[in-house]
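Take a look at this one chain, the form predicted on its own, written out in structure tokens.
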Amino acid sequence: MSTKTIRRSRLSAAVAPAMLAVVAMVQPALAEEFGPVKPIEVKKELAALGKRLFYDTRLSGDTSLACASCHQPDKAFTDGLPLSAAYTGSAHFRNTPTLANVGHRAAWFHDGRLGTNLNDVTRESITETYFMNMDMRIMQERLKQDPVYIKMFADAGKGEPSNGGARSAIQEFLKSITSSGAPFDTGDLSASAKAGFELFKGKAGCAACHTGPRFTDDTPHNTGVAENPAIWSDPDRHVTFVTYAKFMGVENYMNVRRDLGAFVRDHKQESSGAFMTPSLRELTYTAPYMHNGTIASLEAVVEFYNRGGGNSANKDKRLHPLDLTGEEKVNLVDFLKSLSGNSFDVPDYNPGEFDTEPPVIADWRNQKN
């Protein structure tokens, strides 16, 4: 994978003392209420093992996909597609969510169906038929054939390569993915972004759901986002949706033509069409937006909420037309952009190219690990 380092501008030492004084006053006030995101301490050797596993296509059944196939570091661990790819013979019906700060999440996937821990999320992502379709017993044997993994598992204190050790390592790597360098956190906000922050907390009402350091309440809400017709017109995407709906116990799943979202968690009608509030961190890297990628830009997202959201019988009652002026829309977008910081496309998160072909062992019958 090619790497390109994207560096965000920082305050220069040449900035006038008066401006530095303003920044010093602004940043603590912002940080006290909303951030920055606190890094999670991880075990270095275990996270390094997890990073290599994250980029290894041998973790998928036919070796065509790695975790990084859909979660790419230069896009804040998304893929830039409205609807993500999937395992051979299928295609997904949802947008790839960012993995930025995922170690702090309370529930996973757009419908929030997993609310336990990253270990369970990792297992489902590897074994689910339309994700990576991997039999973990086979995965374990593949890892045991690679001398690099044998050493890395041992160095990480996990003994010989194993399924549990692999999941633990990937989880440790995911916990290391922490946002940093955002103008909102450094205090390097433009006047427009500062005005946008006041709108965010006040007139626009965004902070009702987008709260805390990650700007999410980790709760599903229905905002009336329109369906993505590609899910129903593309046979590969439709069959993936049908597989998911059947497994989640959705009645009459063959005839359903809308994504039910958090309904799969409790099968209550009031949960239909509700999706987890996404984090607003790293938004400039993660377009297109919404659970089904139907909104292409931040400007369009702001306009969507300015209209009061979409049409749905279960739409959150707090959504209503905002009557934002043109200038206020620009201010709000500028604030949202200030929540994006340093790119993750750096060595800490992207290992670059590495050899996944183990060396040929001449006398393999007598070889022991």
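Just so you know, these numbers come straight off a predicted model, no measurement behind them. Numbering starts at 1 and follows the sequence shown.
Although not depicted, the form predicted in complex with heme C (HEC) is the subject of the following passage.
Asks: Work out which of the listed stretches, 260-268, 102-110, 143-151, 180-188, brings a heavy atom within 4.5 angstroms of heme C (HEC) in the predicted complex.
Replies: So the stretch in question is 102-110.
Asks: Indicate whether residue 205 is a 4.5 Å heavy atom neighbour of heme C (HEC) in the predicted complex.
Replies: It does: once heme C (HEC) is placed as it appears in the predicted complex, residue 205 has a heavy atom within 4.5 Å of it.
Asks: Within a 4.5 Å heavy atom cut-off, is residue 94 in contact with heme C (HEC) in the predicted complex?
Replies: Judged by the heavy-atom cut-off of 4.5 Å, residue 94 is in contact with heme C (HEC) in the predicted complex.
Asks: Residue 126: heavy atom within 4.5 Å of heme C (HEC) in the predicted complex?
Replies: Yes - in the predicted complex, heavy atoms of residue 126 and heme C (HEC) come within 4.5 Å of each other.
Asks: Are any of the heavy atoms in residue 42 no more than 4.5 Å from a heavy atom of heme C (HEC) in the predicted complex?
Replies: Residue 42: no, not in contact with heme C (HEC) in the predicted complex.
Asks: Residues 84, 316 and 336 are flagged as a possible site; in the predicted complex, is every one of them within 4.5 Å of heme C (HEC) by some non-hydrogen atom?
Replies: Looking in the predicted complex, the three residues 84, 316 and 336 all sit within 4.5 Å of heme C (HEC) (heavy atoms).
Asks: Just one of 241, 285, 131, 197 has a heavy atom within 4.5 angstroms of heme C (HEC) in the predicted complex, so which one?
Replies: When heme C (HEC) is considered in the predicted complex, the option within 4.5 Å is 131.
Asks: Pull the contact list for 35-59: residues with a heavy atom within 4.5 Å of heme C (HEC) in the predicted complex, in sequence order.
Replies: Stretch hits: a single one, 54.
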